[in-house]
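Single chain ahead, by itself, as structure tokens, in the form predicted on its own.
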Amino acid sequence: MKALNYRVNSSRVPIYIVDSDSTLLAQLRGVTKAAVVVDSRVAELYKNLVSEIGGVDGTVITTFQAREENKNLDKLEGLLTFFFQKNIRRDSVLFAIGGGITGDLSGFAAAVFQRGIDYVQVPTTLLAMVDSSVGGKVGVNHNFGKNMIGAFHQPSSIIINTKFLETLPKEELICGLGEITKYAVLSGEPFFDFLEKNHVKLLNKEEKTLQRIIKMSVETKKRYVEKDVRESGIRAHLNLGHTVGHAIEAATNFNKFKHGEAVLIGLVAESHIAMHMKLLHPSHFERILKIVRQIARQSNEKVPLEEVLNRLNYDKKIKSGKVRFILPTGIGRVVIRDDVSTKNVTDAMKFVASDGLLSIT
């Protein structure tokens, strides 16, 4: 089986894009002791698979309710306690089966348990397949912000099984398309043009189109990861849409918008900022706005504007006391700027509200 790979220093991380459970089961049978963390919703939907996993010698399983409010230090401690109780060792392997929340929490547990054990990402949502499972960023949330506590810990492999998408709800599909749209803006015309022409097929879960867009997204992300493993430079471009998006999530206690939805809103807001700073031509802004309108859901969820502005002050990309925004300057081009004014952000939030993506208070 041919795998995509990305390299981190001297290590190679294989990424398998498959349509069956055989690769996962083969890797499980290849280790002496394995801990498997499964999203409880996935465990319910795929009982036969979980049963088969539980029958593999040396494997212990725990389920996790993958909600944003559960991605915290208390749940991390509970997971580490489970490892001790089940005699997980430094030569054991952790398998994280679920979406981005499961992968982030489990990956962080793997990073800190006995100073680091191997783990395998098995993403089950479109967002996790194209984004969070790749690159080794793991962690948990804090009241002061999303993913504020974490580490860089690369998986030993990533198994993307597209069969999991058959049961994925539409809102989760849209969530994944939020990150995919970000990649399209970052990557350039061929990717963006493909998304413009095929977003309906993606929303309808057309298998070949999904496989192609996953591969395109993974290839885009791995290029950034290989150039900048620890996000000290160009990898920060992957935060396009996230500065405002994360602030919206935090300002609404992580329970009003799914991450990919917030990224879509953030992408429009940051594109609006770029246009009004005369960095982005209006025609490019309109293309970005149009594709987001075709993917995102309309919402009247209330978002407190002052709290969004406050949350920006806790963004991880702050440098020398200034918030750094990733702003598009064209399809395929972005720039990092730290001179975005409060008025720029306020006007952008008012625009996304007028476009029906949220309501501000």
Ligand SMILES: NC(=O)c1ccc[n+]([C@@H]2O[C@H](COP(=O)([O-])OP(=O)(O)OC[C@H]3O[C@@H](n4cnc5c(N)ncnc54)[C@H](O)[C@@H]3O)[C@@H](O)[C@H]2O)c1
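Keep in mind that what you see is a predicted model, and the values were worked out from it rather than measured. Note that the rigid core is defined as the largest set of C-alphas that superpose within 1.5 Å between two forms. Position 1 is the first residue in the sequence shown; the rest follow in order.
Below: the form predicted together with the named molecule, not depicted.
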| item | value |
| --- | --- |
| Three-residue site E68, K71 and E172 fully in contact with the named molecule in the predicted bound form at 4.5 Å by heavy atom | yes |
| Option from 275-283, 207-215, 78-86, 140-148 whose residues, in the predicted bound form, bring a heavy atom within 4.5 Å of the named molecule | 140-148 |
| In the predicted bound form, the residue from P155, G178, G99, G266 that sits within 4.5 Å of the named molecule by heavy atoms | G99 |
| Sole residue of R293, R41, R324, K33 within 4.5 Å of the named molecule in the predicted bound form, by heavy atom | R41 |
| Contact of L168 with the named molecule in the predicted bound form (heavy atom, 4.5 Å) | yes |
| Proximity of D131 to the named molecule in the predicted bound form, heavy atoms at 4.5 Å | yes |
| Interface membership of A251, the named molecule in the predicted bound form, 4.5 Å heavy atom rule | no |
| The named molecule contact at F164 in the predicted bound form, heavy atom, 4.5 Å | yes |
| Stretch 219-245 - residues with a heavy atom within 4.5 Å of the named molecule in the predicted bound form | K221 |
| Core-aligned C-alpha movement of G145 between the shown form and the other one, 2 Å or more | yes |
